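Next up: a single chain in structure tokens, the form predicted alone.
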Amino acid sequence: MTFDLVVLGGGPGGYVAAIRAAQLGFKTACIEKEAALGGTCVRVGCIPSKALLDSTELFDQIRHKSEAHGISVSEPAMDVAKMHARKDAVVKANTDGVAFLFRKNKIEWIRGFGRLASAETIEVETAEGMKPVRAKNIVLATGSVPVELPFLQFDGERVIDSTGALALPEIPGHLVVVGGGVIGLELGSVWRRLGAKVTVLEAMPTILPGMDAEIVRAADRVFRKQGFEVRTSTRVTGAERKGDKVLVSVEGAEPIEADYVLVAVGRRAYTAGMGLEEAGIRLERGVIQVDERYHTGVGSVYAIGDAIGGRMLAHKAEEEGTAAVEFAAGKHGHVNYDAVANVVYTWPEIASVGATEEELKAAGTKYRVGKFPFSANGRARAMGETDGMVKVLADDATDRLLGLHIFGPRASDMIAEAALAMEFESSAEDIAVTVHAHPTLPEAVKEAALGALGRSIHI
């Protein structure tokens, strides 16, 4: 089998790269070993976790917020099996959607494990045996896997990774989450809302390390009010199974007994066993090294997404996949990393784009800050969702937007305005003078931008 372009990996970066290649006229194939397309994100990551977060958010609203709206209900009960069935249906709709897009764009899906044999050939281990696939261009989109700690290894039953936490058959009495990052807080939120005791153990001084410190402090206070037990600067040293319990060892403290332990300390590039180094591709600590065109330096082999490091985000991988294929086609690909947003789907949500205040200080950049609390936003008051704020960082001399951070309701949707502003190198004034519909949550973004100019109206 010979193709113009072959993508190794059917996750967000891979399947988007394949579709863009087909649009550009390439005879295209995608090699994916799993039974469904979509990669970790669609099958056991972004999509199923958001389905569970939406289900449990609704449960939490009924349980704790309906009375304030004049709605009286009896104590709700969660059918965990039915919740999982809904999640699985949402996942299937998305994986089926990717398969439809492949058929529509005449992309061949070759199911199997691919290994790079040369700069032009991938050997695919399929159910029918080994098949060589030749390509004029290859895009490596192999993704990432959860990091496993040597002293806290997954057993797939009680010590679990994120995939296991998405499929717990019961509501835990006590869930210990090792790692206070995005994955740990999101999946911890799912089970906390359903009644589990959730203890988050983070080795760093704060949860969500790397995010804007002021936003993190505000989020930490709210999460604790919600019932999270958060222990920062806490080092886990091991765990011991005791029947259906796990005893978690903590440096300098008493062991913690848990029903389940979710280890969520990050992800690593999935590049082992694929013949990459043998084919001449340079790796550093398992991460594929590429140039500004996503080229590996070997033949016409490109690489994108989690496999090349950086922030492990599905939307980053999608844009890199598009850009790499466009470079392969002799066109100009484009990814503006300053405009790549981060989102944490807790409640309230956290979303950010651009630099944090700490990064600006470290760089010696002179900047202005504008803030606006959701407690002063009319729509947030009507929703009863007044926790959080919007924070704008603008260059002191030019007023160019340097960063925008949101902790509040529907921050994941609101951040798109800020990403667009970053892409077009807008100023805080550009946002401030843009008419925002009233009453809406995005008015808080406008007010924070006005604040950076020293002229907020509603506070």
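Predicted, not measured: the structure shown is a model, and the values here were computed from it. Position 1 is the first residue in the sequence shown; the rest follow in order.
Omitted from view is the form predicted together with nicotinamide-adenine-dinucleotide, to which the following refers.
Asks: Does residue 348 make contact with nicotinamide-adenine-dinucleotide in the predicted bound form, using a 4.5 Å heavy atom cut-off?
Replies: Looking in the predicted bound form, residue contacts with nicotinamide-adenine-dinucleotide do not include residue 348, since no heavy atom lies within 4.5 Å.
Asks: Taking 4.5 angstroms as the cut-off for heavy atoms, does residue 178 touch nicotinamide-adenine-dinucleotide in the predicted bound form?
Replies: Output for residue 178 is yes: heavy atoms within 4.5 Å of nicotinamide-adenine-dinucleotide.
Asks: Does any part of residue 50 reach within 4.5 Å of nicotinamide-adenine-dinucleotide in the predicted bound form? Heavy atoms only, please.
Replies: Contact with nicotinamide-adenine-dinucleotide, yes.
Asks: Mark residue 267 yes when one of its heavy atoms lies within 4.5 Å of a heavy atom of nicotinamide-adenine-dinucleotide in the predicted bound form, and no otherwise.
Replies: Flag for residue 267 set to yes.
Asks: Can you tell me which of 70-78, 305-313, 331-339, 91-99 lies within 4.5 Å of nicotinamide-adenine-dinucleotide in the predicted bound form, counting heavy atoms only?
Replies: After filtering at 4.5 Å, what remains is 305-313.
Asks: Each of 204, 209 and 234 within 4.5 Å of nicotinamide-adenine-dinucleotide in the predicted bound form, by any heavy atom, yes or no?
Replies: The answer is yes: all three residues contact the partner (heavy atom, 4.5 Å cut-off).
Asks: Of 186, 385, 326, 259, which residue is found within 4.5 angstroms of nicotinamide-adenine-dinucleotide in the predicted bound form when only non-hydrogen atoms are counted?
Replies: Of the listed residues, the single hit is 186.
Asks: So nicotinamide-adenine-dinucleotide isn't shown here. In the predicted bound form, which residue out of 360, 343, 279, 194 has a non-hydrogen atom within 4.5 Å of it?
Replies: It is 343 that has a heavy atom within 4.5 Å of the partner.
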